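First, one chain by itself in structure tokens, the form predicted alone.
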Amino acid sequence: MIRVAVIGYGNIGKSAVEALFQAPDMELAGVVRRKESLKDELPSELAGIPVVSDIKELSNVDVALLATPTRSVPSLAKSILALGINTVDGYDVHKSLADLRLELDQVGKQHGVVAIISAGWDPGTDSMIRAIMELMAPKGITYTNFGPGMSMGHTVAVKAISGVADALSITIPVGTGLHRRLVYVKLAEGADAAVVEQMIKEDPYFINDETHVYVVDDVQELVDVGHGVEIERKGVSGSTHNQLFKWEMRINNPALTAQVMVAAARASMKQQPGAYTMIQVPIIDFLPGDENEIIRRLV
């Protein structure tokens, strides 16, 4: 059995625990939460599960799932890899993930462990779909249209902005890979709405998109964690034009992200030391069970 620790117990952390309970080849080694959270009443689903403030307090951990904000991933992953524990994260800043992989690759090789980065649905499984489309039609253009739905990464980014008490970021697809961001915020006492709006629009998560900010009294009344994506490619196979491919899904965002991370934890046990994105890992390594039986079932 692969022993997995979950770092963080927000939406993704909770869904990761649920997915681990269903995995036939894994067991939950424990949950790592902030020290202040340990003072709260223990959630019923964690009864009998070690809940600690530091992963060092857990024993025999094979893989750590980093169910934490993206901006904490680089330093956290490095520190856990240095303990000799594999890591899986949902890092979602597309423009910098290739550089992060190179950094974690050095750390992983130094300590003989594996990091699988950006293991969610985008980047992650959507990246795999885009790669498949490109191998089918090497020349062409691919558009990824997100939503409509709640973006967890964007929402967390807004919540971290000074003056924001609570927030929700919804992504609306405009088409051809362009998006509109609708941001709903509850202001902290004394916060200036205009200043908060400017900070949101200048944040790297929002600066390249059309963004609208609305001040509301209660964000939680608006929350729906559903999301979706549509990926389209129009390209050329050999010298044959007008090849059209489409991938579409409507999902519960944290549940799918967590399930992919759990599958990546399994795959991490089958790789050589270093760091990988999901498109670098054989698809079969993400699946449980005998390899030959998987081939008989799926090929």
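The first residue of the shown sequence is 1; numbering continues from there. Because the structure is a prediction, the values reported are computed rather than measured.
Here the subject shifts to the form predicted together with another copy of the chain, a form of this protein not shown in this document.
A.B. asks: If we take heavy atoms and a 4.5 Å cut-off, which stretch out of 128-136, 213-221, 174-182, 199-207 is in contact with another copy of the chain in the predicted bound form?
C.D. replies: In short, 128-136.
A.B. asks: Which residue, V31, A263, L66, V63, has a heavy atom that falls within 4.5 Å of another copy of the chain in the predicted bound form?
C.D. replies: Here the answer is residue option A263.
A.B. asks: Wondering, does T70 line up within 4.5 Å of another copy of the chain in the predicted bound form on heavy atoms?
C.D. replies: No, T70 stays farther than 4.5 Å from another copy of the chain in the predicted bound form.
A.B. asks: With the cut-off set at 4.5 Å between non-hydrogen atoms, does L102 touch another copy of the chain in the predicted bound form?
C.D. replies: Contact with another copy of the chain, yes.
A.B. asks: Can you tell me if P282 lies within 4.5 angstroms of another copy of the chain in the predicted bound form, counting non-hydrogen atoms only?
C.D. replies: Answer yes; at least one heavy atom of P282 falls within 4.5 Å of another copy of the chain in the predicted bound form.
A.B. asks: Please check if I12 has a heavy atom lying within 4.5 Å of any heavy atom of another copy of the chain in the predicted bound form.
C.D. replies: Looking in the predicted bound form, residue contacts with another copy of the chain do not include I12, since no heavy atom lies within 4.5 Å.
A.B. asks: Going through 238-253 from first to last, which residues have a non-hydrogen atom within 4.5 Å of another copy of the chain in the predicted bound form?
C.D. replies: Contacts from 238-253: G238, S239, T240, N242, Q243, L244, F245, K246, W247, E248, M249, R250, I251, N252.
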